[in-house]
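Look below for two forms of one protein chain, each set out as structure tokens: first structure 1, then structure 2.
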Structure 1
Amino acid sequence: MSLNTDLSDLFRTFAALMDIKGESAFKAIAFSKVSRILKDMTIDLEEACRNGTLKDLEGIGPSSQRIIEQYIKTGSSKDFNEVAASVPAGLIPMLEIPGLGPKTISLFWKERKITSVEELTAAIEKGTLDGLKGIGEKKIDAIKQGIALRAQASGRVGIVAALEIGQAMLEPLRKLPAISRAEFAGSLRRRCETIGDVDIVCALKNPSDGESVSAAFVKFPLVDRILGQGPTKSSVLTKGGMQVDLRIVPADNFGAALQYFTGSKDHNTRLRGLAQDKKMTLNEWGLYKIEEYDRSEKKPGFPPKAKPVASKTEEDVYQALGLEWMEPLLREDRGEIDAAQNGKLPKLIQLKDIRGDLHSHTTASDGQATIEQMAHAAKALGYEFLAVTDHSKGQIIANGLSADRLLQHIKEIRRVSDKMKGITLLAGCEVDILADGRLDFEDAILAELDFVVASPHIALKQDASKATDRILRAIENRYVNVIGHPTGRIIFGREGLPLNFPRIFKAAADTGTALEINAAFPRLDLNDANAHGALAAGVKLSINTDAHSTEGFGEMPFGINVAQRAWATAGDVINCMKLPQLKAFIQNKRR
């Protein structure tokens, strides 16, 4: 994990502990704000500390500055440690339970002496939470669901953090002189949304260099503990607790190993079945004729003596099986093998196909950059257009815009757009979908906008019938162009609305309403499976970062990955349209 992320987590937990203890609400709010700022910040904090420029960072007050400096110098914070030591240690893990806030944890601790997740689970089973103010049956059910989600997430991390850890291990590996090539494999290469461990495959220039490569790998700076070490495989735990497995193979077997350790279990099972049909066998060393493989000499951890039919590249392996090579993100056994046999694999969308972002926020609501700053950042990415979509009035916590403020904001967006060259700004709004499906603004206000994203932010525990009817009502509004993060789910946080997707997809396709893949982690909503279903029903997708800062635009690749796993092409995504096409898409629905 990065220093910024570590410090963001520290301030977030610090604020929660103060709420649990019932201390200064003002300071807890301030620390929560610092946590958000640090999460989005790309400034090198160590350098800022050395140069004495921490004090110049907006939103970082003197006490926060002192904590940051101490953490950078010592790896811990005296202030945080004192507060953490003043409450039972088991309360901190309770903060990981989705939907369980610090004030409820404080209530359980002070009223029922509950000081751990295990004690809370037992209290729910025994019914000893009954009678607590504000803790009814629905709240208890939500807490039970949160405990289950926490257990499900145990040992896994999100794609963003896993990629950061993986890169910190892969980059120094590639610099070793004995290595000819090294790549991610497994779920990280397939860009799954959560990752259990990081898999890396590397090829040796000289087959005898396995020991030296392994010895160097286990000494990389991020390594905390060695789980295993040898000439063909090494496993370590990083300082963040992530397991990283390295497979070391001769260059001639690299393609087979990369293929074998990349595909999902089901994908690889199908491939082995194809190999058997052709009287061959497929493993991490290559594709072999069965009769030759069975007769060959084999030594554990090393390739067999038999000559492979294919092994050097993945393309060779797939071609020998009668298949087109397929992108790693497709290798889930969701029809990609049949498509590869018939030459019908899609030409997947690429980051370069994106012409603009259609969901972004500025300082007008809860963003950190002005309209001009966001516009210049989008232009620097080569975008042709940017929709500025600040929050509507219902999002009080996000400084949502009243109708009057929105109308003034529209004028300002258009003023900035008129004076800029090379990019067009669309005056938009992220309008709340209320619990009954009404929108946060009347149609007369929505008609003034160029672009409307309608999103659910509240009442995210509705049953399937109410939730679906709610989203359908928003889809049917002529001014709504995109349903933003349609389920409202948060990975590791909440499951989101239990929508009847076939009904949602049909309505979206019929009305010309796009559904969003929100590229910001931990949303990634729609997920890959639902996005695939949307495409099959003829729905257009919109991939957006929901950027609240100029750095936020950098999350677009994660949305692209979701779309790729959903088999999306550039033609399926409205962000890939030229501006006249996009305007026509908007106007077609308004008619």
Structure 2
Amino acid sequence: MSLNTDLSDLFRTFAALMDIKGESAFKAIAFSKVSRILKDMTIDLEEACRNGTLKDLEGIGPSSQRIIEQYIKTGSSKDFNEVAASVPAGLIPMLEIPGLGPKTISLFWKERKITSVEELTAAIEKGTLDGLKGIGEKKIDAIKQGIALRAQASGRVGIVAALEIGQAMLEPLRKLPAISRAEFAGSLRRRCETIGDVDIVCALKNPSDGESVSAAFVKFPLVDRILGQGPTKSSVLTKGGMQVDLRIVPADNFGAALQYFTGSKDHNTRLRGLAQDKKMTLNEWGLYKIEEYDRSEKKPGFPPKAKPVASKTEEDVYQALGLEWMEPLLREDRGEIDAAQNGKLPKLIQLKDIRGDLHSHTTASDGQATIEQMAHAAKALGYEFLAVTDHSKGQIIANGLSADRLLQHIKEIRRVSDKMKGITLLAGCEVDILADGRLDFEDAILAELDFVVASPHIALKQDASKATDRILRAIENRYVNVIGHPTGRIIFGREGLPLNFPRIFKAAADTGTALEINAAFPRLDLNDANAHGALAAGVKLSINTDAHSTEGFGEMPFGINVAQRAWATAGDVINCMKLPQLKAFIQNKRR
């Protein structure tokens, strides 16, 4: 675990504790924000602490700064420890129970001495919650269900699985005659790497058809259980336990609803602040002048009877707030609103900008297709080049190539390349970065290759200092063009190397070494925040599928999504270079 992660967790817990203690909700919100800032950022906290730049970060004030500094110095925070000691630790997991919030948890704790999920379950069984103010039979039932739900469907799901489930719900919805439009919203539309639930917004041709659309939705084949059903929203659990929420709005309000439910929460908060500055209010129905909105007639589930400034399309809403429309993948409150105000939004990389894949495997090591098969599949995607990069000798389990076999393999790759028309194969290798930063082949062997990806596969639990030195040493090798999956993290699987990213970025930028966004789920490594940090430091990225079969190339869109969330343009990514330009990039480092 890195320092940033540790501190981010500390502030998140701090915020939860304050909620439970009933301190000002704004304090808790402020600490949640600090937690998120720390999680997203790639700057070196220790360094920022040393040279006093910590306070320049928006959202981190004097209190947070003090806590961070003390934590770096002593490994803990006095402020946090005091608060943590005053609240039983078992209360925090209770916040994950749907339907149960800080107020009720605090009530149970103070009035009934309940300090854990287990004690809560027991109290419900024994009936000791009866008689508490505001807690009736239905509330207790809901909590009971919430506890069961948390145990059963606690986890988030990866983007790939979530998209599949989402499509299976979206497609039949689009076929309903009452619907004029239906789109994903929420984290799925923003293409986050993991998804908690699927959000869909749909527009009605006739505003009175909400009830029937809802009724049809909850009967789709994938639905396992109905959680709620009404004329404006419905909620279901699919087979496999994924929650899917549907919002139903009149066509005139579709843009505002899509914007609102796409989020992120932080992005929307900023937008509503902008609206207020302009004497307007923004909600899921539209953007309204405050005066007109306050005067207007309002009925739950229906748009207010005021003329909106904007509501039909997202473009209208953003434009009325003085902003360019922006891709959902940018809407994370990472500076996109300022950029949109100043006309400085990046022209994001698109799938069609990719001219080739620079990390792939064949039957020579652990792939399932031959060089020819992989080359034909890449050509069929319109690629102009493909780097064949089988494993080095240390990857015994993956049938890694010995030096002799590699030299033979290089000849074979070049033979196939000469034979093929319309695509060039680069003879490459994915060489292991050993625990101490040495590479798995001597330079003399690497010099024979057209292209080298160097990746960490073993010793992925090193401390930050060892791990960083190890990757730095690989970056400094003149034959290494790309660091493959730099942290080795596996989503839901392992943390990966706790790298000091500012040092890695500086070395990569100085030496002309690209860092990979490995597009294969569950890697997606670098992640969006780190890729964003790399770009800010002037590093080039390489987006690769690490394909082990011809189907493997199909994962490229997920890597593109990570790059888009990192604000990458085609100019930032070496896969978008023309071949001569790419060759120059390689040669520059070898000089």
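Residue positions are counted from 1 along structure 1's sequence. Quick caveat, the model's predicted, so the values are computed rather than measured. Under this definition, the rigid core comprises the largest set of C-alpha atoms superposing within 1.5 Å between the forms.
It is structure 1 that shows the chain in the form predicted on its own.
With the core held fixed between structures 1 and 2, F31 has its Cα displaced by at least 2 Å. Once you line up the core between structures 1 and 2, the Cα of G22 ends up 2 Å or more from where it was. After superposition on the rigid core, the Cα of E119 moves by 2 Å or more between structures 1 and 2. The two forms, fitted on their core, place the C-alpha of L10 37.2 Å apart, compared between structures 1 and 2.
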